[in-house]
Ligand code: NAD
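Given next, in structure tokens, is a single chain: the form predicted on its own.
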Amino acid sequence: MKAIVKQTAGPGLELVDVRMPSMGVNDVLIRVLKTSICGTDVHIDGWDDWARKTIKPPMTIGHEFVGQVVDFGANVHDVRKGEIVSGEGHIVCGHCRNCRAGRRHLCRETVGVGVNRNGAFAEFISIPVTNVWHADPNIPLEILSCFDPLGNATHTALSFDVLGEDVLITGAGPIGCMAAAIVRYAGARHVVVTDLNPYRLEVARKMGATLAINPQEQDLTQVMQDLGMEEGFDVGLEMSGSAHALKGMIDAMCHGGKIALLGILPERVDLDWNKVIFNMITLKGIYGREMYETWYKMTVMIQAGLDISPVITHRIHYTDFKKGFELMKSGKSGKIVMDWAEVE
């Protein structure tokens, strides 16, 4: 089968023929229909410090996908052939304290699909049945291919009550833009998104942001005054991974404000911790999705009318994957969906 593979320890990816994935008694074999490119995939392609420490070539990459069940192991009884499914990309141990307590997203032994084991940028993928998400076939396949990052956005955006609240989102990447749509859908009053990239700020506006601004050009204090905000933001969603953005967010929060942190920050960030303490600000780290409450919530939101389609800006065939990765690196894209149909 064809797969996009990190063949050697260095920059670049290759489209090559690989063996079909093995399937154990508890596994499901899925024909991949569509995938979407994640920033993690771009890091693996570029072979940065994180990738060098984490990835062990050769390995098929990719973890955002939707597909169709073609086979399953002897112990699997709750899927059917032909069913449309997606998959949770974090495979957990199942027996640690958190797993046994139903807090699987907190498993310390998590293995990442397309990071620590062969992934979804291939014609077929095999994953444990416990990681299979039974998708609503009425939801477009390209939307289902984005459920992994939509789950990150949902987990982050719904960590705190946003009904009637003013929300600041730092970082207008695809997940930040999806979070803007979610908090707007969930009843937030003002949703302000900040980024330095004009292309992505425009995507944020299409996704429902009240304002999408470049903080180097517009001052957040003035923005709050223009919106008639008497205090700071009630909820902050840090999606950029920028220490400067986090500092600015803390400055812009109201007393008792709550911040959910999804962006990967530098190892050391110099913060004024007295602002956090004296303003009683809550900081919550976010990683992945809650299994499987997040999957349920994002499915129901889509079924009830949440529209994330503006975040999908490009659609390509998997054989043109290099074009997709270049678009991601340029910053002039949202989500890029790859079609795995055979070329006629």
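A residue's number is simply how far along the shown sequence it sits, counting from 1. Everything numeric here is computed off the predicted structure, so don't read it as measured data.
Heads up, the form predicted together with the named molecule isn't pictured, but that's what we're talking about next.
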The named molecule contact in the predicted complex: Y287, any heavy atom under 4.5 Å: yes
Contact test in the predicted complex: I175 vs the named molecule, heavy atoms, 4.5 Å: yes
Interface membership of D195, the named molecule in the predicted complex, 4.5 Å heavy atom rule: yes
Exercise: N118 in contact with the named molecule in the predicted complex, heavy atom 4.5 Å: no
Stretch from 135-143, 182-190, 238-246, 158-166 whose residues place a heavy atom within 4.5 Å of the named molecule in the predicted complex: 238-246
Residue among G257, G171, G114, G87 with a heavy atom within 4.5 Å of the named molecule in the predicted complex: G171
Contact assignment for the named molecule in the predicted complex, among G208, P215, G232, P128, heavy atom within 4.5 Å: P215
Partner contacts for 137-159, taking the named molecule in the predicted complex and a 4.5 Å heavy atom cut-off: N152
